[in-house]
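Single chain ahead, written as structure tokens, the form predicted on its own.
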């Protein structure tokens, strides 16, 4: 792998019978980059992300994630990435501390590492008074911030965030993005999907998918310039207004 590339994708394709969900997409993600992966429901972005996370085998094409092949080294990929789903992914009937310890244990971290890193996470999130509370008792915004902290607890090379700020208030979204920037500054590559076009402005580069194809990819300022738009929302509407399909697997 080129040491500057966290992800490389070449003509990656996923078919379900006669339906092509992802159609020969190609792109690279630089190490340490915040890479926005955008598209309306049915565009194919979640299917593409599942292939990159080692959860779904491609039909054709090639891709590497953290230097590992998406066909033959899926277990290596899973060990070197973090993942946060669009649906809350922690165990509601466990406490904050129990959730952290559980997920840290999955990645085989030492007791000393878990103890030190847990103290660091709790301090960073100011959760000293909530650490022994059940997760289900916490506000959604706190749950999402804990879930993100857990997804990068094992210090992965890349973290995949699938619509991580869905349903939270604007203040919490800004706080969440501060955490994303801090993670990127530490060297973690961020691969994020979002429905909020204002969040696309926070990314180093943005890839926009429509009907299984990549329609545009560049920095937000360059995309706005290219499409004579004042916002990423306007760029997205210009590209997605002619989408033909509404939903994909």
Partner chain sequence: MRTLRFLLQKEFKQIFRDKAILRIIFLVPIVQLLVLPWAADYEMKNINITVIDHDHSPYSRQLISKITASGYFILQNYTASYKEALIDIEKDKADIVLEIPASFQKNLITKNEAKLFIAVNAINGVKANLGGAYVSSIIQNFNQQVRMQWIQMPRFSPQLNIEVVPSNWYNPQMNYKYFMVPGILVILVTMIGSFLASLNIVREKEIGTVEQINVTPIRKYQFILGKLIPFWILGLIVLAIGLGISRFFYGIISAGSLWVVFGFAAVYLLAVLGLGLLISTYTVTQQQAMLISFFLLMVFILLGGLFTSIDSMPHWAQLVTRADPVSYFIEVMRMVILKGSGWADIKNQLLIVLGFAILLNGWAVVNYRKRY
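All of these numbers come straight from a predicted model, not from anything done at the bench. Residue numbers count along the first chain shown, from 1.
Below: the form predicted together with its partner chain, not depicted.
- With the partner omitted here, the stretch from 95 to 103, 138 to 146, 116 to 124, 169 to 177 that lies within 4.5 Å of its partner chain by heavy atoms in the predicted complex is 95 to 103.
- Its partner chain in the predicted complex comes within 4.5 Å of no heavy atom belonging to residue 188.
- Using a 4.5 Å cutoff between non-hydrogen atoms, residue 54 counts as a contact of its partner chain in the predicted complex.
- Within this chain, residue 153 is remote from the site of its partner chain in the predicted complex, having no heavy atom within 4.5 Å.
- Its partner chain in the predicted complex comes within 4.5 Å of a heavy atom belonging to residue 110.
- Candidate site formed by 71, 74 and 79: every one of these residues places a non-hydrogen atom within 4.5 angstroms of its partner chain in the predicted complex.
- Along 123 to 142, a single residue, 134, places a heavy atom within 4.5 Å of its partner chain in the predicted complex.
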